[in-house]
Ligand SMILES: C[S@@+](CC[C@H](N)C(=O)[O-])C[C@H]1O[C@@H](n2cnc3c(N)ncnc32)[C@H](O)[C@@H]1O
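For reference, the chain that follows is the form predicted alone, supplied as structure tokens.
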């Protein structure tokens, strides 16, 4: 199939952060008696090209997150689970699996919000995992993130769609009911995001006008999501990585959260070091 065309330098930045973490994670646990799983919840096709890659040959297409996980070699993952909903991309992932038949790859066609909780429920005492939540927009439900946190066995990278969230949270009015429902699903309840709005009173000729407004910018929105993560996971990396488009507009924030009480301090130290690095 033709690899999807999307992203830009921010995509490469995101994948380099992930690659470095997977290398460090598997090295840190290579002498531990754990079975290590990598789960890519929005796996895509396994390769991609950005709009400026129009004239690249197929064999020069950029490696996606699934390929990067396969290439971890100091202590390879015992199992790799690639979840994708789109049938054409699933076929590409299956071809990748067949080319790497010795790597314990499982390809699942399904909804990540259903497949991840099922995986979490199946984990044994000696299982540890890294889950990469890399949605296109607002697909990840908070219930999915909560299921990951409850295992206390998973390190999780979460690409939070800050631009999409900001568009659903206008500065000069409340979101529509449809927007509120999406935000409720993303944050796990209205009480976790609606407090960014404050009632404003404007003096009118006949009556005062009451309306809800929020401050411009993404800081409050990002803080709401980080607070949710901190309430669910053992530890969360101090500073998420903001990923901007070519016009320097924030598109996503890349968060890291660790669930295991014993391993979280080390995991977060590694993630913080990578996230704060000036590429």
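This is a predicted model, so every value here is computed, not measured. Numbering follows the first chain given and starts at 1.
We do not show the form predicted together with the ligand, though everything after this point is about it.
Which one, 189-197, 168-176, 148-156, 81-89, holds residues whose non-hydrogen atoms are within 4.5 Å of the ligand in the model of the complex? Result for this chain: 81-89.
Please identify the residue among 69, 41, 236, 221 with any heavy atom within 4.5 Å of the ligand in the model of the complex. Partner contact (heavy atom, 4.5 Å) among the options: 41.
When the contact criterion is heavy atoms within 4.5 Å, does residue 111 count as touching the ligand in the model of the complex? Yes, residue 111 is a contact residue.
Is residue 64 close enough to the ligand in the model of the complex to count, meaning some heavy atom within 4.5 Å? Contact with the ligand, yes.
Hey, in the model of the complex, does residue 135 get a heavy atom within 4.5 angstroms of the ligand? Taking the distances in the model of the complex, the answer for residue 135 is yes, it comes within 4.5 Å of the ligand.
Please check if residue 139 has a heavy atom lying within 4.5 Å of any heavy atom of the ligand in the model of the complex. Judged by the heavy-atom cut-off of 4.5 Å, residue 139 is in contact with the ligand in the model of the complex.
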